[in-house]
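First, one chain by itself: the form predicted alone, in structure tokens.
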Amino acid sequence: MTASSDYTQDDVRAWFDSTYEEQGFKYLRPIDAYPIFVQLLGARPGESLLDVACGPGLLLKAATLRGLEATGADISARAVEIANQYVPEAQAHESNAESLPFEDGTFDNVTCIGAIERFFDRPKALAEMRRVARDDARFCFMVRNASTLVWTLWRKLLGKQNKAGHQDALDLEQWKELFAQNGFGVREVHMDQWWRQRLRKVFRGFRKRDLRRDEPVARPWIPMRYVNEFIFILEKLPDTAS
């Protein structure tokens, strides 16, 4: 499953460079939204974590706050520049997800949040993430659902799909199939946690949340196949002989 587009990766890189130059962190959710991904992974202090498509480093920050050795990779030079300033204790590298600049079996944990659907060659990018992970590594991928009214009506029918940023989506079964075909076993699937996180923030008022502490994990009140985004917790399946 490789997405098609009239745009090239250079176009996408330029779009993200421009977006981060103009909007910076405003383009993304606030830092409060990111520790949940580290939590769901079960990542432990002292372990290594690679965040692919790390953007300006929000997940890297959440990982370092929890005692992980964090590394990021992003296609956007501007995002990498911001990330290295924002999280100097981590290391962000300018890199295409389809050709990661790391040795085999380097990382205990690999994350990719809201980006796999944007990759031009998903199988190749997944193979790279699998390659740089240790055999017992854990993976956390958040991906967009194509079976929602927002995607079907707003993005597709009304032409609001961001083609310059190579925005795309698959449904739940398509994502499961893609991961299975590329050597991943599904441990858990969660709904995106952001709307519940925002609700809890309203009730919390002016009190700040300790980003080092775990938070409640919300369950969907509608069938999982209709939630806006999926959070997959995956493991690396053994290689099979060809």
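In this text the structure is predicted, and so the values were computed from the model without any measurement. Residues carry their position along the shown sequence, with the first being 1.
Form predicted together with a small molecule: not shown, discussed below.
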Fill in the blank from the handout: Only one of 181-189, 27-35, 61-69, 203-211 has residues with a heavy atom within 4.5 Å of the small molecule in the model of the complex, and that stretch is 27-35
Exercise for the section: Would you mind picking the one in 84, 106, 95, 148 that has a heavy atom within 4.5 Å of the small molecule in the model of the complex? Expected result: 95
Practice task
Go through 110, 126, 143, 75 and name the one with a heavy atom inside 4.5 Å of the small molecule in the model of the complex.
Solution key: 75
Exercise for the section: Report whether the minimum heavy atom distance between residue 49 and the small molecule in the model of the complex is within 4.5 Å. Expected result: no
Practice task
Answer yes if any heavy atom of residue 43 is within 4.5 Å of a heavy atom of the small molecule in the model of the complex; otherwise answer no.
Solution key: no
Problem - Non-hydrogen atom contact residue 9 with the small molecule in the model of the complex at 4.5 angstroms - result: yes
Practice task
Mark residue 16 yes when one of its heavy atoms lies within 4.5 Å of a heavy atom of the small molecule in the model of the complex, and no otherwise.
Solution key: yes
